[in-house]
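Next up: just one chain, as structure tokens, the form predicted alone.
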Amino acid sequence: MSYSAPLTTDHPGQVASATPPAPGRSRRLGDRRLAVAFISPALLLLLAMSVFPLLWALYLSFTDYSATRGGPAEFVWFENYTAILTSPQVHLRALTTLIYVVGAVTLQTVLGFAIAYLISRRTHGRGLLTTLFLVPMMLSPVVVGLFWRFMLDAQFGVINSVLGSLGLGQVEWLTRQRTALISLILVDTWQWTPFIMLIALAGLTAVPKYLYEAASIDRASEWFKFRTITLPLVWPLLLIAVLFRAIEAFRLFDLVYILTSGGPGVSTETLSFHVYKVAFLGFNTGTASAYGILMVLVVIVLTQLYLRYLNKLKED
């Protein structure tokens, strides 16, 4: 004769169970295994696609490895780094990259904030204008490069046709050293100014209205409102957008590849494009790896300094 546990309790609303509850320790262990099962694929993918290539590039940067040469790689230790840091050609390409980054990001910041400020003051059509301004940012850099390559063509380009109809002279935008880098800056500005505009517009929308109302009661001028209310509240958000754009501009490759291929001469050859030439045209894999490691270190150091400045600005 077997004994069965009762299925009712003395307290109403309490549900009785025929089986004892599972121990808390085994249940937590099951949750942990489930979490590991969900995280493991993403973690393995991150290790395979990001961490391993970085460590492999770090190893190759200390060797004379070439992808097209047979035989094992030999350690040359810091020879690649010394050759890069003391090369006048590298200094010239670093200067070209710096001019491009400073010129493009400064122009985009000024134009993006000005457009966002004008749009934020409109009461009608703000959504339509914002959408229209965002169209260049939605295009692929390859499409943008091909589009502006035809637009800036010296003989058949639309830009020179417009200049000719106005009685102005023809400009060789992409084949002159003085104008090729300016053309790259203008094309990048055309595509990425909407990004700055979008961030600035979000900051302008978040400014409390009662601050302007209080300033209006005190009969403050528009310039005073802009200088003491608008700009200080939007400035931290604008600096974050500048950080994103500076990192993106520092590793510019696609526009240079399509528009100028680094020319004329090496006037538009940025560091990223130079690394491409060293790695895939010269097949000096060890040297190209050293280039990549140095560029990553520069971005990390500058980003940390910038973030410290942002934190200090936030504390103030």
Partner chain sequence: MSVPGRKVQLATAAMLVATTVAACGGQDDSAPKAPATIPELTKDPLTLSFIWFDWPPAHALEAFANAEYTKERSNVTIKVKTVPNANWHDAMFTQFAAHKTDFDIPILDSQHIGEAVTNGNILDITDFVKKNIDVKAYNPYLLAAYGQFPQAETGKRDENASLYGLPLLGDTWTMIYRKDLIGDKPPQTWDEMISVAEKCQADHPGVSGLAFHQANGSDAAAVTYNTVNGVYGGNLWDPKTRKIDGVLNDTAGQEAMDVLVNKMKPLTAKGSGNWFIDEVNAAVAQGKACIAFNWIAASGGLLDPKQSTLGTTREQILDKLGFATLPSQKTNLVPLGGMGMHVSAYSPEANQAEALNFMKWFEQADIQKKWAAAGGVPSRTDALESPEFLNAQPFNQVYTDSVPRMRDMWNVPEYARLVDIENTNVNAALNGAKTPKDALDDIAKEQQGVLNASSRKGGGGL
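Quick caveat: nothing in here was measured; it's all calculated off a predicted structure. Numbering follows the first chain given and starts at 1.
Note that the form predicted in complex with the partner chain isn't included here; everything after this is about it.
When the partner chain is considered in the predicted bound form, residue 278 lines it closely, a heavy atom lying within 4.5 Å. Residue contact check for residue 245: none of its heavy atoms lie within 4.5 Å of the partner chain in the predicted bound form.
The shortest heavy atom separation between residue 270 and the partner chain in the predicted bound form exceeds 4.5 Å. The partner chain in the predicted bound form is approached by residue 67, whose closest heavy atom lies within 4.5 angstroms of it. Annotated contacts: 141, 157 and 250 are all free of the partner chain in the predicted bound form [non-hydrogen atom within 4.5 angstroms].
Partner contact region in the predicted bound form: 82-90, out of 82-90, 127-135, 109-117, 192-200, criterion any non-hydrogen atom within 4.5 Å of the partner chain. The partner is not shown here, but in the predicted bound form the stretch 174-190 reaches within 4.5 angstroms of the partner chain through a heavy atom at 174, 175, 176, 177.
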